[in-house]
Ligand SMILES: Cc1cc2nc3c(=O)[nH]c(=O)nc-3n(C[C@H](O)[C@H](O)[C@H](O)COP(=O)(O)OP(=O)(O)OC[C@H]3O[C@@H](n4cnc5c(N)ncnc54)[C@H](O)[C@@H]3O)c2cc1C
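Okay, here we've got a single chain as structure tokens, the form predicted alone, with questions on binding and movement later.
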């Protein structure tokens, strides 16, 4: 659901507004919440709704109108918004532990979604979810590495996940997300989560004892759902982060992606079967080629938004082919390719929030943050954050607000992961990073450290961190000195 569908209102009763002195100040901090000036209606996404222990139902809300008391209502301990990997993972963990949990998903599965390439470390998360057998049996394309091609086509670097440290299994998968996400959501339901598909959130209201959500079902009926705690896993819609004005775009990673599914894409360029192929561009952009079952390949172009010249292809296939055909290696890959799906466009898709959690809510998956997908980290980070959010609630057995220590630790983990992968994504845009990345041989210890992160290691050991720092120190030196031969960067 787009943010524009909301109208946000925040109100205080006159007696309470006087009690906290809001007539004198535009805003006042109470705990970690911001209370808005009394008696004023706010339109937009930059304001905070009322939330905190001194307020009950009906004193702070997000939405178009106040819920009608005649509407059907029901209660649960935990409510999850979104049935993608983050929401399904959180629901599974909570349901396995016997906690009452309900999940609302706006769409009906299966549905199209980009981000089809998984990482090996996600297999560890699948085992914790009890989901690994379903993945093994699904017939997804096995993935044991990634093959990167320089813009000139003369340099190839294959990342073999078998060289990663601390990795129980080097195998990952390339997955059609419509099927993968459906399997994961069905798994959460089988574990005991109550799942409602086709339900659109209309309003979110925060109160002293929890959260109240008004949602509209497939038949246009509406229902009130009350919960002690809320996990927002609503994907890039980011219902909570957008409406609270928490989302901040990453100014260094403002990209545009154009992508679709094609058949008859040529393979055999040095990669092993199942590898994702990444082809760099001289303008710091790149292209992905992800092999999927039934001769289907996901193909995408990513480019800096501020470098888009006149004639950017948009959703026109002929212009798209002309654009990507500027690379000789890509032109040969796509010579006989036939489009299977409409071309789609995503823009400004790297972001993170000012906060990942509040007294009654937690952000998980893309509802919290998302990065340029060059290293296929999206699904892994979504799974990990959804499971983290579930663990916070499992450790909190009371009905009161979530403890600050738990919220700080949750936020620390999310920020740590984002920064770790962001460093690689930012580096990949730089010529000096690519010079070292494609240079062979790289010292074994450094190579293994880099491969470990690209395999999804999101909690590196001190030894890994030290070697990663050494790698980035060499990248910085390459900027000033020629430590390794510089790559030829042709136009396009």
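These figures come from a predicted structure and were not determined experimentally. Residue numbers count along the first chain shown, from 1.
Separately, the form predicted together with the ligand exists; it is not shown, and the next lines address it.
Checking 284, 150, 76, 237 against the ligand in the predicted bound form, a heavy atom within 4.5 Å turns up for just one residue: 237. Residue in contact with the ligand in the predicted bound form (any heavy atom within 4.5 Å), chosen from 189, 388, 107, 250: 107.
Using a 4.5 Å cut-off to the ligand in the predicted bound form, each of 114, 288 and 379 places a heavy atom inside that distance. Contact with the ligand in the predicted bound form, judged as any non-hydrogen atom within 4.5 angstroms, is confined among 400-408, 368-376, 335-343, 160-168 to 368-376. At least one heavy atom of residue 181 is located within 4.5 Å of the ligand in the predicted bound form. Contact check for residue 199: a heavy atom falls within 4.5 Å of the ligand in the predicted bound form. Using a 4.5 Å cutoff between non-hydrogen atoms, residue 91 does not count as a contact of the ligand in the predicted bound form. Taking the partner from the other structure, the ligand in the predicted bound form has a heavy atom within 4.5 Å of a heavy atom of residue 257.
Taking a 4.5 Å heavy atom cutoff to the ligand in the predicted bound form, the contacting residues in 82-107 are 82, 83, 84, 85, 86, 87, 104, 105, 106, 107.
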